[in-house]
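Starting off, we have a lone chain in the form predicted alone, written out as structure tokens.
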């Protein structure tokens, strides 16, 4: 069978080749006397490949079946293109239409479509320039995350999707129910879709040292904000012998690594968003790469926000002891500092049971990383390694200690200081592409009232 080249390969050839096979979907076709020019794209890159079809090779009646959206397989010679936009074009020897597309019904015509319209046809929107670029960047970022951790001797682990534990203690979980029964009888106890792999990742870091998991997590929050989804992807490392400062260092290093390599390796896709979506995107990405993140304690953040409230008139008034809202996060990262901001040492009463209690017994060794235009993208902490303190935390929060005996065992047998964080992968893609709705970074988003595809 002939080798099929992807268009990205063809456009990067050092010299022309004969008898090259390419496949793709038709973007446009224009006819002239004796020839037709067809632009195809196969998703491997932003640019199209121009096919030049001699009507002596393929009659015009056949050529007219090559409409926008159709899929084709072409064999031909790669020759220098006289056009300025690309180095090569293909002179077609043979062409096969693999799948036709009715031009009167195909929804992706050559015009600008709104994001709202494209969400309704999520199964087709990947063929547009914008969404093809988003998903290539998403693919690259996922690969870079694995490369980052593997280069630093982390072990990649798989944590349960179905769990009996509520890591966050928030109660917003999807319960797994056996069809036709009100209560689950399969596991002989309530079962839920995980909100985080953290607790089991902690167990594995206690033997492997440094681990990470990267997978789907679920929240049953009835929230329709542009930053929330019921199903989303999280990157969660856990590190034995790390304190909070080392935890923050690693998270900052990870973000800088992913951003810098996406800018280099997906430069065409980033340029698309810089030209047509947000002219300040590349400058903002470069600031993340080049400048250190600002680090402030929660108390200082509240002080800054209280002072700013006189002018900003926040909807949610900043008060010590209350969690930061999106408007607060964006003010700190976009207006006050114009840089990513790390906020740490949060009040213990607004954080989960597993975070390490500080010496003041009012705050915990927690941290969030806030990115401009997105807000919180990372949440983490030093974990509570002291058995008696952890028991007290569980009891004070009214949780059933029987459910966490295995977790407490980690503090009984060789407990060590350890830390970790969760990075919202979809929010990182929002930042990389300057996309303002999480629904546009996930190929088939799951949100309240929406379970299409």
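Positions refer to the first chain, counted from 1. Fair warning: this is a prediction, and the values are worked out from it, not measured in the lab.
In what follows, reference is made to the form predicted in complex with the RNA, a form of this protein that is not presented.
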query: Contact stretch among 239-247, 102-110, 136-144, 208-216 - heavy atom within 4.5 Å of the RNA in the model of the complex; finding: 102-110
query: Any non-hydrogen atom of residue 228 within 4.5 angstroms of the RNA in the model of the complex; finding: yes
query: Residue contact check: residue 224 to the RNA in the model of the complex, 4.5 Å heavy atom; finding: yes
query: 4.5 angstroms heavy atom contact with the RNA in the model of the complex for residue 290; finding: no
query: Contact label in the model of the complex: residue 58 to the RNA, heavy atom within 4.5 Å; finding: no
query: Proximity to the RNA in the model of the complex, single hit among 272, 357, 234, 285 (heavy atom within 4.5 Å); finding: 234
query: Proximity to the RNA in the model of the complex, single hit among 337, 316, 303, 156 (heavy atom within 4.5 Å); finding: 316
query: Heavy atom distance at most 4.5 Å to the RNA in the model of the complex, all of 39, 52 and 439; finding: yes
query: Partner contacts in the model of the complex for 9-45 (non-hydrogen atom within 4.5 angstroms of the RNA); finding: 28, 30, 31, 32, 33, 35, 37, 39
